[in-house]
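Have a look below at one chain only, the form predicted alone, in structure tokens format.
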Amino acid sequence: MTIKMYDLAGADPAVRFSPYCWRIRMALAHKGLEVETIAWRFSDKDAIAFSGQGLVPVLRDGDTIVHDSWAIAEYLDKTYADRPRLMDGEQGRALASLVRHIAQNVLLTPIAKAIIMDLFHALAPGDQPYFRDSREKRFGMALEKFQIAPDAALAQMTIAVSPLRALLKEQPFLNGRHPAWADYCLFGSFMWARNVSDVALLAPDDPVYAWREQMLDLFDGLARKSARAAG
């Protein structure tokens, strides 16, 4: 039975941009598992009520329901232990957890400042009021004031990725010679930006830029071929 995943979509249902959903898209490809992605929007809370909460990704694997990207990754490694692992042992899990926290607590804010209005305009009209209200409460200001200029965004990102840049000068992937969950955690944040905005977050000579290009080409270009918001 094909795994089903509820995946955040924009006004164009083909445009999928959630950083957390992209973690799982890459993780499923890493495992070689087929998935049917179901377009979901913020206004579709009833569609995932069966999961007991209101956020995606939500995975339905037969009779099993799992939500939260970290919990899904752990489920995939436990359930499909015969396939390539996302986190190899205690050390692999610790590295992945560190990168997860860097992605969520260090990188998402400067990325959001760079793309917030592009993201807003990529949303379905029915999702825009919820998004504006919830994010303006979180940021304490209007979306338009939260947005920063592209050059300022690039400067902030250059600082934010500095520890990862140092690591990627020494090895091709965060996980070492081959990508795994740590890489997918970080990569999801860049896919969030890529599929809704043309703002340049990385300079072409940055090792993180080269790493991102490699990630885009994985699994027969799964991420590179994904739909991007128009305009």
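Just so we're clear, the structure is a prediction, and the values are computed from it rather than from any experiment. The first residue of the sequence shown is number 1, and the count goes up from there.
From this point on, the text means the form predicted in complex with a further copy of the same chain, which you will not see here.
Chemist: Using a 4.5 Å heavy atom cut-off, are Pro110, Ala112 and Asp206 all in contact with a further copy of the same chain in the predicted bound form?
Modeler: The answer is no; none of Pro110, Ala112 and Asp206 reaches a further copy of the same chain.
Chemist: Quick one: from Leu119, Ala124, Ala153, Leu95, grab the residue that has a heavy atom within 4.5 Å of a further copy of the same chain in the predicted bound form.
Modeler: Contact with a further copy of the same chain in the predicted bound form is made by Leu95 alone.
Chemist: Which listed residue (Leu167, Ala29, Ile65, Ile38) meets the criterion of a heavy atom within 4.5 Å of a further copy of the same chain in the predicted bound form?
Modeler: Only one option qualifies, and that one is Leu167.
Chemist: I need the one stretch from 44-52, 198-206, 57-65, 176-184 whose residues put non-hydrogen atoms within 4.5 angstroms of a further copy of the same chain in the predicted bound form.
Modeler: Checking each option against the 4.5 Å cut-off leaves 176-184.
Chemist: Mark Asp88 yes when one of its heavy atoms lies within 4.5 Å of a heavy atom of a further copy of the same chain in the predicted bound form, and no otherwise.
Modeler: Within the cut-off, so yes.
Chemist: How about Asn105: is it within 4.5 Å of a further copy of the same chain in the predicted bound form, going by heavy atoms?
Modeler: Yes, Asn105 sits close enough to a further copy of the same chain in the predicted bound form that at least one of its heavy atoms falls within 4.5 Å.
Chemist: Would Ile72 count as touching a further copy of the same chain in the predicted bound form under a 4.5 Å heavy atom rule?
Modeler: No - in the predicted bound form, heavy atoms of Ile72 and a further copy of the same chain never come within 4.5 Å of each other.
Chemist: Looking at the partner-bound form in the predicted bound form, is Lys137 within 4.5 Å of a further copy of the same chain by any heavy atom?
Modeler: Result no; Lys137 lies far from a further copy of the same chain in the predicted bound form.
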